[in-house]
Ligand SMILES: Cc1cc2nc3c(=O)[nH]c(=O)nc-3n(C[C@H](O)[C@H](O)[C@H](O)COP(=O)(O)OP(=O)(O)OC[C@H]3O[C@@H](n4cnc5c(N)ncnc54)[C@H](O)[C@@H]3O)c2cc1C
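Listed next as structure tokens is one chain, alone, in the form predicted alone.
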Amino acid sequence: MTIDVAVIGGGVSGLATACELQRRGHRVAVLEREVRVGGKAQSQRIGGYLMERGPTAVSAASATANGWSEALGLDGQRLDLGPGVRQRYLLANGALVGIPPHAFGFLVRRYLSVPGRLRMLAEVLPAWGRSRADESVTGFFQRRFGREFLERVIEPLVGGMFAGDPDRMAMHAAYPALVGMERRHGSVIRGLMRSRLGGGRMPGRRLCSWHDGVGALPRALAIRLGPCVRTGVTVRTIRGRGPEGFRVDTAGGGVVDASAVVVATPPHAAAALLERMAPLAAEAAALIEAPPLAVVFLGYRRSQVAHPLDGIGCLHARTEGRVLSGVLFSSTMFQGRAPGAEVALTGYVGGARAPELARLPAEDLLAMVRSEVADLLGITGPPLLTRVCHWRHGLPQYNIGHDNRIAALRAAEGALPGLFVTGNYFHGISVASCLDEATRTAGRVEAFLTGRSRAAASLPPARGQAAARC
């Protein structure tokens, strides 16, 4: 089998890259080890419930995500964030405190102490210095907003968004937009306020999904690609063939010869594939941690739950000593996640905060999570439905030194023309970020293929052959 581009990995990144290249007229093949596409973007219907095993929403502000939704015919299934989402919840001394989703939310609620709120407001002063390239998330927010804001707002936020540890996470890699605000405006708060005055909205209100969940996106991409997608195919090796491109050997799926190869797998898998061809890049990929994560899905009758569930969910600071890093109120976020008189909750355990907990058997996790959500949300009686999903490798961690690791991977692309690497560990873990990165990757691949074609056309014809005529 000879094609233009072999894409290894059938998650959102790989599928979107392949789809964009196919749209531009290139012959592609997607090789996916699992029997289904989507990577972690898996949505499962269970009776009247819908469980998201991975990402639960997409940024409604992303032009790229909106473009794909329209192009794939998904706009008719699109769901905006439900009207029941009125605040976000954080845990303080064992009790949930609702924070309105507007710029002054932390000022009008007593979640932070008076000194903590005053220190937060003092961020607008020019006395807090500028970010360094190796500054951690902890260092940045403690410097600009104070210790209390860091521990009670940022630490649970990082735990919920990245399943990460702010002490180890690199600020420049994880939150480049906030670093940019500090550089341009001298203050994150000033930057956010200017964005608001320009018509922006708080990020938590700008989410969307589809009737059948986020998994509808990779399914639609795979349908668009058609027979180009081959599931249940494990890639064993990638070998360079000089000017002829690459040979991809698969276990039981034959050999694929391609002018270019896109590695769109998680970092640990990319490390194994790159080990022979690009050992320095493989070493860099292997250093990108992705600690295990467990997703616990629970369904209850609405009458069993005392809490109003009037938010996206709740996040818990590490100092609260909880098993859960957070819980999403899934049926409040989007319609169709639970039958009419029932509600759906999704809890998250593990990540960098407590990787050992994510490895526990399903029965043990369920017992702990059921007890904890009952305490947090005033739930009585057993759930109507339970499911547990274990991810051996969870979300990639943008830890200090991440920029150097990405640079090593990009250097491999330069040293091995025709080899490309993409995924959620480059410029953001969100679905929208993956789509943006896939578009950039497709552009780099096309530039390579175009340059290769021009170079081939400029060569003199081989002896005994006439030059091709237009």
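Don't overthink the numbering: it's just position in the shown sequence, from 1. These numbers come from a predicted model, not from an experiment.
From this point on, the text means the form predicted in complex with the named molecule, which you will not see here.
Although the partner is absent here, residue 348 sits close enough that one of its heavy atoms falls within 4.5 Å of the named molecule in the model of the complex. A residue is said to contact a partner when one of its heavy atoms sits within 4.5 Å of a partner heavy atom; residue 424 meets this definition for the named molecule in the model of the complex.
Residue contact check for residue 304: none of its heavy atoms lie within 4.5 Å of the named molecule in the model of the complex.
In the model of the complex, the named molecule sits within 4.5 Å of a heavy atom of residue 34. Of the listed positions (419, 431, 438, 51), a single one reaches within 4.5 angstroms of the named molecule by any non-hydrogen atom in the model of the complex, namely 431. Only one of 266, 156, 164, 213 lies close to the named molecule in the model of the complex, with a heavy atom inside 4.5 Å, and it is 266. Judged by heavy atoms within 4.5 Å of the named molecule in the model of the complex, the contact stretch among the candidates 133 to 141, 94 to 102, 112 to 120, 231 to 239 is 231 to 239. Contacts of stretch 44 to 75 with the named molecule in the model of the complex, defined by any heavy atom lying within 4.5 Å, are made by 53, 54, 55, 56, 57, listed in sequence order.
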